[in-house]
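Given next, in structure tokens, is a single chain: the form predicted alone.
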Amino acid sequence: MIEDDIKILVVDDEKDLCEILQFNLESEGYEVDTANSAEEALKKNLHEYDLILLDVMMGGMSGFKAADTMRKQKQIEIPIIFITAKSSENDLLTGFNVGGDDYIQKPFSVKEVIARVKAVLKRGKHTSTEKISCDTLEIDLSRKLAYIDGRIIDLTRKEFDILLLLMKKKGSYVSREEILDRVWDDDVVVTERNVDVNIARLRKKIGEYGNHIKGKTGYGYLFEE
């Protein structure tokens, strides 16, 4: 199920630590990207992630400053867990004041990180609006319905899942291969032509918003705001 896929960004200037966290989180079934500085992280399409593990003390911009920028300028509402060697009450308060959802103190065990990630994601499921939108085009994740101007769009399950995948990755191209892998069942034989046919139908059904879906010859599609 598309909505169950969890993508995590690990931000730490210690490359070895990033690799350790990436390996163990991927072993738990998560999709994981890494960044070795706050500046590198801020260049990514942060809206495609479900959670960020963010080191506080890095060369250049600090994790606190990065989180504040993510919340205020990037309008990122996903959970942020700080990783830090700091443990004073003032540091904890600073972290929460800039939008942190939890704290992991160094040194830590991988089991602790995984447990906290799962706990924060579980809390997020109950507190999120479970909606993705672009102007008056809206996807209700809990009801698995898409709307334009409050009216339900008559989409097939495949069309809905494609639209959801593209809107979750706004601004980033998604290959036809990835769309096939994440939307169609493994036991169903389909080709990349099936993706193009469903995209064409989807564009027609969502009217003017169909112009937001851009194709890249020989690769795939993206949803552009």
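Note that the structure is a prediction, hence the values are computed from the model and not measured. We number the residues from 1 along the sequence you see.
The protein also exists as the form predicted in complex with the DNA; that form is not presented, and the subsequent description refers to it.
When the DNA is considered in the predicted bound form, F223 lies well away from it, no heavy atom lying within 4.5 Å. The DNA in the predicted bound form comes within 4.5 Å of no heavy atom belonging to Y49. Residue contact with the DNA in the predicted bound form: Y30 places no heavy atom within 4.5 Å of it. Interface residue remark: R157 is counted as part of the site for the DNA in the predicted bound form, having a heavy atom within 4.5 Å. The partner is absent here, but in the predicted bound form a heavy atom of D196, alone among D196, E177, E40, E26, sits within 4.5 Å of the DNA.
Heavy atoms within 4.5 Å of the DNA in the predicted bound form map, among the stretches 164-172, 31-39, 51-59, 196-204, onto 196-204 alone. Residues of 29-61 are not found to place any heavy atom within 4.5 Å of the DNA in the predicted bound form.
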